[in-house]
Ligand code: URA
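In the form predicted on its own, a lone chain appears below as structure tokens.
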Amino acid sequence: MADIRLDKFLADAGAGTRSTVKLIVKKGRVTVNDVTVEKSDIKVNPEKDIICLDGKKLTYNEFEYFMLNKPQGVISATKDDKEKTVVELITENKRRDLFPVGRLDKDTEGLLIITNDGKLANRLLAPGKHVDKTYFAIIAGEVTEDTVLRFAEGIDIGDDKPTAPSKLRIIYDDMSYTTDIAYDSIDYDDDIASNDIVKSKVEITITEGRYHQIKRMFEAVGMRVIYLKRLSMGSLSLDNSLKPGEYRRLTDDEIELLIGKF
């Protein structure tokens, strides 16, 4: 790993903002290899040097990887003046350079990767990589085997070209999805709240990430998505123990699977 500035090391290690850590250094609270330093712009090597704050050794990870079960009502962004963002939900060892890999709509739940690894994000989101993204959805309308075939052929959603073929599976066994989906909390529109409206449960896998893609695909066949939750992205599946709004760090094996895919 290349040398970096001490203030960047401290900020990324969770000691505070760049301006805060400069004051910390000036007060003599930081040592590098047992020597007290007073300048925050010196270069350190995170792999070789021992950096301590108030006598406690700090650890540094160039990249951070978190799995978040995104709740409804939170936007997929790094910051926003009005709305709560997914990055704000990550309170552990807060870094300023974290961002969500891709986005989920405000009313969509499920798996979201939060990281500062730009190369991994670009690879997961690159159209040419065709990374699978699987969702559970509740649909207002009757999804049939004919719908499955249409999705497998690609759907015209009004873009320059139809969507890439997708895998649509009708779910007949509710026992497969009883972990944390609160059906009673789903906010149905008035025109689809009636018990007379057929509500289908499906699992859909797409390889693209167009704007509102799944919602537009079902609208194109005369149906409407009323609940959507991402279950997996590439080799990574959502940890069912995470409740909406909860997160955890990715394990070394999960990181290796994601990075090793490319």
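Bear in mind the structure is a predicted one, so any value in this text is a computation, not a measurement. Each residue number is its position in the shown sequence, starting from 1.
One more form of this protein exists, namely the form predicted together with the named molecule; it is left out here, but the text below deals with it.
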- Message: With the partner left out here, check for me: in the predicted bound form, does some heavy atom of residue 105 sit within 4.5 Å of the named molecule?
- Response: yes
- Answer for residue 202 alone: is it within 4.5 Å of the named molecule in the predicted bound form, judged on heavy atom distances? no
- in the predicted bound form, does residue 213 have a heavy atom within 4.5 Å of the named molecule? yes
- Message: Taking the named molecule as it sits in the predicted bound form, is residue 151 near enough to touch it, meaning that at least one heavy atom pair lies within 4.5 angstroms?
- Response: no
- Query: Out of the stretches listed (231-239, 25-33, 39-47, 214-222), which one is close to the named molecule in the predicted bound form, meaning heavy atoms within 4.5 Å?
  - Reply: 214-222
- Message: Within 4.5 Å of the named molecule in the predicted bound form, counting any non-hydrogen atom, which residues from 117-155 show up?
- Response: 135
